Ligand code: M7G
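Listed next as structure tokens is one chain, alone, in the form predicted alone.
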């Protein structure tokens, strides 16, 4: 399996981005509240010691590193930030170049950019559990075929056993965390949702726009729980989300990809909004379901996703994959 595929396919019910909470620095004793001045520089990695490189991609300029901060296991994700068009003039003017090769009309240089134009996006997971380490480790993936009965007898019991915390989701919904990042907030308890940028987006250009709509209803785990009674909720997210993005980012609906994951990263219903043309992680056909298709399917059959056979990838070390093997389904 390629390093690019390893990055794209580290998702699953147990290991796929275990939760948004796991991907952000922890605030000490504040139960999810925003802590400190985000504009202040600090070096939380000054005591980090490397144990191993879990996976990396030269093409995508990203590396996942396992190690320790003090006595705690930690995973550090290092990702080069994209080059922005609005910084090109400053980049060309303020950089140093060292010639490496010249041949006829072609020349190759090492370019040393000004420090503020040469940043590395860094995500720290600490304390990291064994599940976090497994999540980022390069592994082979398998495509699972799940019937409605498989979900009820294999997947659902497994999900219920995991008991992964969703407190970080509730912190966002209650504005205890990330309140300053909210793009749209619909407070209706039945059809309401909060729309905010995903951590994968640096918010510096719309070419790789990525937002998440988190619904307010707390009893919808995934696509499998949806029925026709949820159509008002889904239609509200679809319509209001597109309107909010048009107003904030001047990006029309015709340039958006709006979809749900199955299996999802975490078991509280959420919808992904990305710019069409941006090859977002998890947007492939084996995992992404367009919200427009979901709505139409439920209009045609109120119980469509409770009986429909669904396919999704699982990594070799995923506990759910083991359950499917034990049941003779793989």
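Residue numbers count along the first chain shown, from 1. Because the structure is a prediction, the values reported are computed rather than measured.
Another form exists, predicted in complex with this ligand; not displayed. Remarks below refer to it.
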Exercise. This ligand placed by superposing the site C-alphas onto its pose in the predicted bound form: is the shown form open or blocked, blocked being 3 or more ligand atoms within 2.4 Å of backbone or C-beta?
Worked result: blocked
For this session: Would you mind picking the one in 178, 186, 208, 150 that has a heavy atom within 4.5 Å of this ligand in the predicted bound form?
Result: 178
For this session: Consider the chain as shown here, without its partner, and state which of 146, 225, 198, 79 has a heavy atom within 4.5 Å of this ligand in the predicted bound form.
Result: 198
Problem set entry | is_contact(residue 265, this ligand) in the predicted bound form, heavy atom dist at most 4.5 Å | yes
Exercise. Would residue 251 sit within 4.5 Å of this ligand in the predicted bound form, counting heavy atoms only?
Worked result: no
Exercise. Does residue 113 reach this ligand in the predicted bound form, with heavy atoms at most 4.5 Å apart?
Worked result: no
Exercise. Is residue 133 close to this ligand in the predicted bound form, meaning a heavy atom pair under 4.5 Å apart or at it?
Worked result: no
For this session: Would you confirm whether the three residues 230, 242 and 305 all fall within 4.5 Å of this ligand in the predicted bound form, going by non-hydrogen atoms?
Result: no
For this session: Just one of 55-63, 295-303, 269-277, 42-50 has residues with a heavy atom within 4.5 Å of this ligand in the predicted bound form, so point it out.
Result: 269-277
Exercise. What residues, if any, in 149-181 have a non-hydrogen atom within 4.5 angstroms of this ligand in the predicted bound form?
Worked result: 168, 172, 178
